[in-house]
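In structure tokens, the next block holds one chain alone, the form predicted alone.
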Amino acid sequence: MKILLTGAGGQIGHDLIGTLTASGHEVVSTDLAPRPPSHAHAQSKSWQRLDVTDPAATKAMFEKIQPEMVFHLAAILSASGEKNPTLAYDVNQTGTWNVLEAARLTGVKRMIFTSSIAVFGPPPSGPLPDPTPDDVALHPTTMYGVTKVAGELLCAYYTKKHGVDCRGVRFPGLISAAMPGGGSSDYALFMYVDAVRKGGYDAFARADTRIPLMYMPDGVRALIEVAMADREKLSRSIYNIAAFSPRADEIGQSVQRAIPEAKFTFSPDPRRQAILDSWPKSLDDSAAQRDWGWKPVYDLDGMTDDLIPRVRRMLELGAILSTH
């Protein structure tokens, strides 16, 4: 199958390209940035420059490639989006509209949308249910979350009105050995990275911060599973998916199993902590389990055991930046 990715240079694209290519799909990767110097991205036969905020360029790319399926990954994440909300709106809102329109106009039948727990926020009536189900009132507190809510609604609209089969998942905080892109859950990855390279980390979150997290191999598998599921089995367009929801200090304890000398301190950044506190503590993903058989493979310690050797290798190769 010929598959086009937008935002392929980001954290998800890094792993998704390799997995799709290994499965025999022809992958065309697009991004505003140049091709990253990594083995996974090198597996993509084609790397094209695309600015999804440009509707004419987006439509022209779809006409040129004629993809059978599109994974729409391009986005400005939560922390970065609060620094530049105009850019976040342009990329996340206008970009998603442009990609859906290009799909409609060029006959692309299926688009996979990446949403986020950032769509949630504290409702006026009290805290979010724990675990938080798919269908609650959405009160996002960031421009990233606002645009992801709109993207979810556009996804359902284009499926119903225009026959573009748009489906996707709400990702928890994703953790991998690739550099994150400015999300509020980045503290979790840096607990691993700095434990390896510095012997510890001063997290920008409270020790008792608890949000849903997921190891990237599970995240990529979830995207592919929902992408390939029979439409008749899907009861909705966008699904919660869950893996584990540790406190920040529990992540530290898991890391210390592998690196006993690692030291962790917690110095909450008010802006990012407020975002983290607005998100669910855990997710109810029973609809994904029922409709397309979703089940995570990795728990926290399983991720730790796999991730720390990968972080060591990435640091040896100079693939993780020395500052953050």
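Quick note: we count residues from 1 along the sequence shown, nothing fancier. These figures come from a predicted structure and were not determined experimentally.
In what follows, reference is made to the form predicted together with a small molecule, a form of this protein that is not presented.
Interface residue among Gly121, Gly151, Gly95, Gly183 relative to the small molecule in the predicted bound form, by the heavy atom within 4.5 Å criterion: Gly183.
Gly173 is the sole member of Gly219, Gly168, Pro140, Gly173 with a non-hydrogen atom within 4.5 Å of the small molecule in the predicted bound form. Picking from 160-168, 128-136, 112-120, 194-202 the stretch near the small molecule in the predicted bound form, with a 4.5 Å limit on heavy atoms, gives 112-120. Not displayed here, the small molecule is kept clear of Asn240 by more than 4.5 Å at the level of heavy atoms in the predicted bound form. Proximity of Thr147 to the small molecule in the predicted bound form falls outside the 4.5 Å heavy atom cutoff. Using a 4.5 Å cutoff between non-hydrogen atoms, Ala88 does not count as a contact of the small molecule in the predicted bound form. Although the partner is absent here, Leu77 is a contact residue: one of its heavy atoms lies within 4.5 angstroms of the small molecule in the predicted bound form.
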